[in-house]
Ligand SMILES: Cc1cc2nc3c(=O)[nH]c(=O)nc-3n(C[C@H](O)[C@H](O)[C@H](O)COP(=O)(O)OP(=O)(O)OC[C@H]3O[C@@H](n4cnc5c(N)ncnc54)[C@H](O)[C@@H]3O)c2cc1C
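Given as structure tokens, the chain that follows is alone and in the form predicted alone.
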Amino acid sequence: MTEAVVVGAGPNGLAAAITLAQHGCGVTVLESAATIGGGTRTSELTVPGLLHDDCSAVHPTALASPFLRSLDLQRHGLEWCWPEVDLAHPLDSGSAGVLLRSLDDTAAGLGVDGPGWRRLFGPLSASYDDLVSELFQPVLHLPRHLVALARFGPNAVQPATLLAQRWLTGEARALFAGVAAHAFHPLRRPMTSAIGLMLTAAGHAYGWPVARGGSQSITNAMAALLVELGGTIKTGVRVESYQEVAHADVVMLDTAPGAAADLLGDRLPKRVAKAYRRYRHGPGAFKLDLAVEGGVPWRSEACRKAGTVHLGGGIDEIAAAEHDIYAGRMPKRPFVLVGQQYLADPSRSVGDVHPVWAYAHVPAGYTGDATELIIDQIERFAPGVRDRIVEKFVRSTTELEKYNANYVGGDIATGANDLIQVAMRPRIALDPYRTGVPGVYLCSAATPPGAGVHGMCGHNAARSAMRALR
């Protein structure tokens, strides 16, 4: 039997392990932390019984993932929940851009911009599965869905600020800009429309759901399936040298490229080592979890029903903030993401005290305290929220990296989304998962298709390994 070792038990490590086990390999997963899941964990961080997602929280790409959809994880306890409103983006005027799963209802809410929204996102959401099958693999492949790519590509290469000019209202422009800001990249740069298009179209195709009981439920379901397939998971095991895993026929590394270079040492070809060590990480996140009595008192009714709320004002303000953090400057009004997962999954709350998940985009390795800046942004659109906060839990960029070593400098996307790395990550190669060391593969979010709880990085890497074994 082929023996495989997977280093790291995040979603991609587990996806690689499941894929290998499905092909008859004996698989052992080694995780340095006490619990598995990487960024897909849930903890009681504030009030006992209150469930907070440690990092990943809302999962449009999980439902869209061809790999995860093939696993029937519901059989292992995974249940999806949808809020009444998927996403709201409030403005100072009191209005808000609102993303609903229904394309028609979203368009109706955007008024004069509704027809333009429908023209752009109607075809993308209708052919979303075809588009995902192309974009959730390495760039260098033989495409099968040329029409879907043709609809996506010309708009995707544009800066988000340029594409947003097709809409007239501040609500539509801000709604798109907030989704595009998930790229952690200046919105006036090329390709920043790509993530905005993909996540918005995913919202219309699948919605922006959460996992009942917290994101840990996704991890637990994947782990249960792996064990059912004969795999083994060991926690509290830190792998520091390739020698510790060299006995395996296949080694999958769910690590950042720099960590892979450290682990493989001189075995790594020099050109690959150079590429891994110069791999660019992006800006960071500053995480704040709140226990809020009575929930957040948003001025906008849509925000009171929204699973996700983007805070950053209009498109110009968001673009300026994203430019600043990329340049290493902390803005006074950072872009803030707020999660209200309890609206779809009330089991996360304790009585009338609710978990509110939030983080701000900050410069890489930011050493300051962004707690008050985040609360200021929430207070800006929800006056009186300060008086409702029962407890807080903070994770700075440094603490995020301690929580998950792949989050270098607080970079929860495991790599800068600049033009070259969006197209060719972690290095320019026909097979981006191969490290150049026989039998060793990189399977983290530093490989295509990048960040998100979709498991496709691990699945693709494991398929690469199986091709080599054949």
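This structure is a prediction, so every number in the text was calculated from the model and none was measured. From 1 onward, residues are counted along the sequence shown.
Here the subject shifts to the form predicted together with the named molecule, a form of this protein not shown in this document.
Of the candidate stretches 254 to 262, 143 to 151, 379 to 387, 111 to 119, only 254 to 262 contains residues with a heavy atom within 4.5 Å of the named molecule in the predicted bound form. Proximity to the named molecule in the predicted bound form, defined as a heavy atom within 4.5 Å, holds among Arg188, Arg271, Arg277, Arg238 only for Arg238. Using a 4.5 angstroms limit between non-hydrogen atoms, Tyr206 is distant from the named molecule in the predicted bound form. Among heavy atoms of Pro448, none comes within 4.5 Å of the named molecule in the predicted bound form. Interface residue remark: Val422 is not counted as part of the site for the named molecule in the predicted bound form, having no heavy atom within 4.5 Å. At the 4.5 Å threshold, heavy atoms of His59 reach the named molecule in the predicted bound form. Taken together, Pro11, Ile412 and Gly452 are fully in contact with the named molecule in the predicted bound form: each brings a heavy atom within 4.5 Å. In the predicted bound form, Gly39, Thr40, Arg41, Asp54, Cys55, Ser56, Ala57, Val58, His59 are the residues of 39 to 60 with at least one heavy atom within 4.5 Å of the named molecule, listed from first to last.
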